[in-house]
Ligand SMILES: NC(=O)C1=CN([C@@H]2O[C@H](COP(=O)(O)OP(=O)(O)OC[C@H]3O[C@@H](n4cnc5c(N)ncnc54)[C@H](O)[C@@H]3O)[C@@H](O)[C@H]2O)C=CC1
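Only one chain is included here, represented as structure tokens and corresponding to the form predicted alone.
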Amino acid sequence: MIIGVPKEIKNNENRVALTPAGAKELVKRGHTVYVQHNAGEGSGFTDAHYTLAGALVLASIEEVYGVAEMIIKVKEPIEPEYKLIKEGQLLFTYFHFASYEPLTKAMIASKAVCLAYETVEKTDRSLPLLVPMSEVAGRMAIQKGANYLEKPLGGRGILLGGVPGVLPAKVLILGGGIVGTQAAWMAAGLGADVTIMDVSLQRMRYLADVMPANVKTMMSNEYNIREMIKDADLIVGAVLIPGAKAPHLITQDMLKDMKQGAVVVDVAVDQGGCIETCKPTTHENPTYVIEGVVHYCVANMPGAVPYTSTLALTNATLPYAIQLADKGWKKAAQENPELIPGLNIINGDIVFEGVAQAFNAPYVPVNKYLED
């Protein structure tokens, strides 16, 4: 198969979808890998690294899209890329369709095959291609939150872990999944007073067993959330409904009950956000203030630590990329059911129910395309 790796063009997105080591694994299986000039530069990989691994370097993004049967990316295509995508071309990347209708419509019009990292699912319901970036984003949420709690950046002027004789900050984490768990570990390690809210008793029992003593668990419901946000210094939104928009657990009217200079970090922003007042921001302009509350809503947080993120992402995606390259997307999905929920749009049809529901659009069962 001919595989293309374009340079990411989203604002301050420095990750690349494939490391030179990953390219070498594909090349030695007989596939051709084209990498755009300087695609890996932001992650510390030069064109020479890819050439040494057996990949071929192309000068422009147009050339990469033009030649490739499968495009491997990190973030969803943005508007300048829409016209480059060909009918029948396989795109393997994060899409988060349910949060952005123009992208969904563009991919429908392209008649490409869109296989989303974030909805590839194992039999135990875990999301193997979302986990590595969720781990990064969860840890970064605390780093960023602690930073923006500083007074010069608009925060309350509070040190997350406090000092002897001074109470630490109160951190509220909405969601006890991968993001929430990693955020809790980081916040607890810095000495904060941490509360994780979730709707699953089973998950909270697990967290209560493994977390240190300064992490508490609490059932997530509107009443409890309204009470807890009154004292919170930092709130991390870590709610995920795979392939669908995140629910608004904190609404705009709730902000008036929060402390002036409190910080919210909504990691779910690329799925629509679980805090109503959150809208996607960039690393260049990461924050804004509403009702005295600092909002940090960067949609590609792991892009700020591209070396770590690129290695972690390739570790997870490469086994699936090899299957797709060796067998083609249809046979690979037939033989590995983990790939089936990853299929979101095929030949102009929405085949993932959560995306169709988000826009009240027609839904076509994916089996239509998988039957021989």
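All residue numbers are counted from 1 along the displayed sequence. If you're wondering where the values come from, they're calculated on a predicted model, not measured in any experiment.
The discussion below concerns the form predicted together with the ligand, not included here.
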{"item": "Any non-hydrogen atom of N224 within 4.5 angstroms of the ligand in the predicted complex", "value": "no"}
{"item": "Contact label in the predicted complex: G191 to the ligand, heavy atom within 4.5 Å", "value": "no"}
{"item": "Partner contact for N300 in the predicted complex: the ligand, 4.5 angstroms, heavy atom", "value": "yes"}
{"item": "The ligand contact at T282 in the predicted complex, heavy atom, 4.5 Å", "value": "no"}
{"item": "Listed residue that, although the ligand is not shown, lies within 4.5 Å of it in the predicted complex (heavy atoms), from A238, A262, I250, V171", "value": "A238"}
{"item": "Contact residue in the predicted complex, from A109, V199, I290, V163 (heavy atom within 4.5 Å of the ligand)", "value": "V199"}
{"item": "Check all three, A137, G176 and D270, heavy atom within 4.5 Å of the ligand in the predicted complex", "value": "yes"}
{"item": "Option from 79-87, 178-186, 142-150, 254-262 whose residues, in the predicted complex, bring a heavy atom within 4.5 Å of the ligand", "value": "178-186"}
